[in-house]
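Okay, so here's just one chain, in structure tokens, the form predicted alone.
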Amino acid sequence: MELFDAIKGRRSIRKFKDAPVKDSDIVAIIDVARKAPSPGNSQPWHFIIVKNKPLMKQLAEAVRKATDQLIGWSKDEKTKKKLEGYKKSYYTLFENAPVTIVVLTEPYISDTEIILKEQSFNQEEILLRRPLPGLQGVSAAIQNLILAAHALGYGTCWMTGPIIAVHEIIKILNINPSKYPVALIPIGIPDESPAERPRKGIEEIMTIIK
């Protein structure tokens, strides 16, 4: 599949067929993910491949409990209703996929950030000057991952909602304390064909300075 075709044809898939994902394909997908750029070539990523269904159910239940807590804290009825919907579908759809990839990262602190802290810059100003380069790196790896999966005929969904249960996920998967999860990526043969969602026009998002 040509690169431009893969980018334009990729969709977020939330329904999967009851069919396995080949181990060789998973390895190929992760191999492409690790080719992403990262700050200082730090490669601040790790990928946990979850195939165990009871374990996926356990993760989903942890996300539901964490979402219930959010709902209890919310004072807005519309927000509560939205979260209830997310709890039933968007935040937990990964439990119905044949494979879920849990993407981990680790803290990345640049020399520039250290100097800014020493000069008593607040965190907001540091973020403006150093906008999470480590997270940008792992995001590039995720983009590689989902495009590679699409090119091989699989569907994926880049999920950050489940990270509301970050501490429970760390405990369930026995994740090394030096790392933490930033996304869950369910993967499988698509059981739906979503239409392309609207995108802003080029003229809205591009500025040319001559």
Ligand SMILES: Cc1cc2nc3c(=O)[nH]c(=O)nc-3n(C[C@H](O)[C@H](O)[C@H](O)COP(=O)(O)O)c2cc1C
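Fair warning: this is a prediction, and the values are worked out from it, not measured in the lab. Residue positions are given as counts along the sequence shown, with the first one as 1.
Keep in mind that the form predicted together with the named molecule is not shown, yet the notes after this line are about it.
Of the stretches 67-75, 109-117, 127-135, 85-93, only 85-93 has residues with a heavy atom within 4.5 Å of the named molecule in the predicted complex. The named molecule is not drawn, but in the predicted complex it has a heavy atom within 4.5 Å of T160. Interface residue remark: R197 is counted as part of the site for the named molecule in the predicted complex, having a heavy atom within 4.5 Å. The partner is not shown here, but in the predicted complex the stretch 4-21 reaches within 4.5 angstroms of the named molecule through a heavy atom at R10, R11, S12, R14.
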